[in-house]
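We begin with a single chain expressed as structure tokens, specifically the form predicted on its own.
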């Protein structure tokens, strides 16, 4: 099946989203709430595109729109750019303390003078952190409250017993809102401290026991991970491969 994106013909498979097809072809469509590991959410609408199917033309979120027939797509029109500028303006108003949003606001030409709702806020509610936590299997954080007070948190802002300290939420956060405080031999995230076990080879702290327990619970008997940090594990693997090569 073939579709056109900005006049470029692209082969696609049925069910592939417009965003996936565009990225594969090297065509840029801006996103905020999308991540390759989780697929589309359609929350931020930054990835909006114009789709023409037959005589019908409409605007859709490219990250969630599956291709099931021949269509023509435009990734940038005056209307689309106006919508994206408005989205950036509203998100910057919500999260003015984010360097990421400040750069985006400047990139889109400072759409309007903004009076911040909360000068200290940096979260744009993209929910990527929630998706990451769900993917890991912890479900320790979620959206709480409603309206302008809605935010991401643990239940009652207390340390969640379900949080394993994997920090996947912080790694996918585009605005750097989720902070990880590091201290000698431990770190803290979501008001919960995690002591790290030490590598049995070099003695360097590298992982909290709860993460190993979580992985073991998912993989069962197949999980035979040695208590080695990534560097020591890499060195051991390299030595094994070198010894194997020498013995041939």
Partner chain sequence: MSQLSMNNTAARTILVCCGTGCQANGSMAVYQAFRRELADSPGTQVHTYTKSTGCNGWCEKGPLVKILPDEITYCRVKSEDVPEIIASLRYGTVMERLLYRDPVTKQVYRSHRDTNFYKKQRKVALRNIGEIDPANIQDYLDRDGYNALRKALTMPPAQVIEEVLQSGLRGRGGGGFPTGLKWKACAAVERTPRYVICNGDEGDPGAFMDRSIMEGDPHSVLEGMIICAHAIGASAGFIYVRDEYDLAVHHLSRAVEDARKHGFLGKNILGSDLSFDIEIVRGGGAFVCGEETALIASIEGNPGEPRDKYIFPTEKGLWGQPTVINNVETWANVPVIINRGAAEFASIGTTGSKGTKVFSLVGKVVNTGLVEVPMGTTLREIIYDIGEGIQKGRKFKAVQTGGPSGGCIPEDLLDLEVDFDSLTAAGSMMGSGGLIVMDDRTCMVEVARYYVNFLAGESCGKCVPCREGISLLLETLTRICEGKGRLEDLDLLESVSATLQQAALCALGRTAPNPVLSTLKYFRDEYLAHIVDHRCPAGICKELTEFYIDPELCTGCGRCRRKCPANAVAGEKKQAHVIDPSRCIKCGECINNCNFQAVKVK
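Residue numbers count along the first chain shown, from 1. Note that the rigid core is defined as the largest set of C-alphas that superpose within 1.5 Å between two forms. Everything numeric here is computed off the predicted structure, so don't read it as measured data.
Form predicted together with its partner chain: not shown, discussed below.
Just to be sure I understand the contacts: of 27, 211, 59, 196, which is the one whose heavy atoms reach within 4.5 angstroms of its partner chain in the model of the complex? Contact check passes for 59.
Of the options 185, 39, 69, 66, which one has a non-hydrogen atom that comes within 4.5 Å of its partner chain in the model of the complex? After the contact test, the surviving option is 66.
When the contact criterion is heavy atoms within 4.5 Å, does residue 148 count as touching its partner chain in the model of the complex? Close contact exists here: in the model of the complex, residue 148 approaches its partner chain to within 4.5 Å, heavy atoms only.
Using a 4.5 angstroms cut-off on non-hydrogen atoms, would residue 86 count as touching its partner chain in the model of the complex? Within the cut-off, so yes.
Non-hydrogen atom contact residue 215 with its partner chain in the model of the complex at 4.5 angstroms: Output for residue 215 is no: heavy atoms all beyond 4.5 Å of its partner chain.
Looking at the partner-bound form in the model of the complex, is residue 125 within 4.5 Å of its partner chain by any heavy atom? So residue 125 counts as contacting its partner chain.
For the spot marked by 167, 170 and 179, is every residue within 4.5 Å of its partner chain in the model of the complex through some heavy atom? Contact check failed for every one of 167, 170 and 179.
Taking only heavy atoms into account, state which residues of 30-46 are within 4.5 Å of its partner chain in the model of the complex, ordered by sequence. Counting only heavy atoms within 4.5 Å of its partner chain in the model of the complex, the contacting residues of 30-46 are 41, 42, 43, 44, 45.
Once you line up the core, how about residue 78: does its CA shift reach 2 Å between this form and the one not shown? Shift at residue 78: below 2 Å after core fit.
After fitting the core, residue 147 CA displacement of 2 Å or more between this form and the one not shown: Yes, shifts by 2 Å or more.
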